[in-house]
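Next up: just one chain, as structure tokens, the form predicted on its own.
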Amino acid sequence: MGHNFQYDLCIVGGAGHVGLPLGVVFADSGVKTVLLDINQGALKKIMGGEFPFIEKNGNTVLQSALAKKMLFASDSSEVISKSKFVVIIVGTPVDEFLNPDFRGITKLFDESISHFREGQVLILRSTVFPGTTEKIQKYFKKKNIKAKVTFCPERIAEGYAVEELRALPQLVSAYDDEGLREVTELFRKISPKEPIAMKPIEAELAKLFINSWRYIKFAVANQFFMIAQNNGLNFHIIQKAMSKDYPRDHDLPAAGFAAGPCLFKDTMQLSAFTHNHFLIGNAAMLVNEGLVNHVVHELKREFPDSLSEKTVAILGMAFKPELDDPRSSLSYKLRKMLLMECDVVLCTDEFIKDPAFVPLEVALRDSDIVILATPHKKYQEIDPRKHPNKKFVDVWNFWKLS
């Protein structure tokens, strides 16, 4: 694909949740791809045909790409200069003050700029604060490096990236027609859906809008849940009545802990971009983060004199069911709050390995209160009716307790 390049594609951060599925799908589609990452243990596992985290059908596609000899791995930044397309999996997270943090992406380019050269196409893939792509383009121009800077955001559901990369249209943007043509042709190789062309600032906002919209919808459900519960009513009965055979309300999600590495962060980035005038987004953050406080408050109200003597078990520490990713999971906020209110807090998870966690059977046996934080399928086997002396808390309505 690339003239005078050893690789068609280099993915910086290629062993992670965004970079690895992307690299594997491209390699399996005939694009010679190198994964660049400092995590040597993960790279070794990948080149042995195994994903270092849960990804549906990931191992199958990975092994296919390896068999085709189209996937490679390296921990040396030198592979950047040997690649026609360079995908950067570094975004702009938010700091403790909920403002965008540019240190990671600035540090990366300061350290790697000497490896870029004329004729390359840089693809920013992770969510960035609006205007970041333009800043990077000016940075390259200042350094007199004639590489094309583009922004083509990912918008996959973690754990299902391999499937969705091949099924969803890609958003592509660039500052010139040639750069746009090149990234469009690249992404055509992995999906039959025609890529959607935009201006970089439009693509940056589209990604933030997508995640903020999801976060707001979860907040609406969680707010309704708390309103119903505060009035002694069952939200799930009301929700079912709202949506049954009524298509206009089918998009109302279930109540539950809305978290993870993207939704909260991107909503706060959009808030910062609007100079804190994104009032709906700010309210969504207060509601979603506040659901944990609500759960603890309800326990304090039910056990006003004895909660401090109780042992509480938290089932599920991942931010999402059937995954092994703990990043930004509200289960950890719940644990922190319960440690101040209860005698003992036991944590368990079906996928996350942590020596501080206990097996599920121990959590059920030794607890007075059981809180379902992450509804892994395994927990469907639990029948709360067989534990009449325990209090079960299930905001998801997973067990259909009422």
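The model shown is predicted, which means the values in this text are computed figures rather than measured ones. Throughout, we count residues from 1 along the sequence that is shown.
The next section is about a form of this same protein that is not shown, the form predicted together with a small molecule.
Segments offered: 357-365, 35-43, 58-66, 333-341. Contacting the small molecule in the predicted complex at heavy atom distances within 4.5 Å is 35-43. Looking at Ile89, you'd find a heavy atom of it within 4.5 angstroms of the small molecule in the predicted complex. Interface membership of Leu22, defined by any non-hydrogen atom within 4.5 Å of the small molecule in the predicted complex, is ruled out. Proximity of Lys148 to the small molecule in the predicted complex: non-hydrogen atoms within 4.5 Å are absent; the residue sits far from the partner. Contact check for Ser212: every heavy atom lies farther than 4.5 Å from the small molecule in the predicted complex. With the partner omitted here, the residue from Val79, Met226, Ile105, Cys262 that has a non-hydrogen atom within 4.5 angstroms of the small molecule in the predicted complex is Cys262. Contact with the small molecule in the predicted complex, defined as a heavy atom within 4.5 Å, holds for exactly one of Ile280, Val94, Ile113, Ile156, namely Ile156. Candidate site formed by Gly13, Gly16 and Thr127: every one of these residues places a non-hydrogen atom within 4.5 angstroms of the small molecule in the predicted complex.
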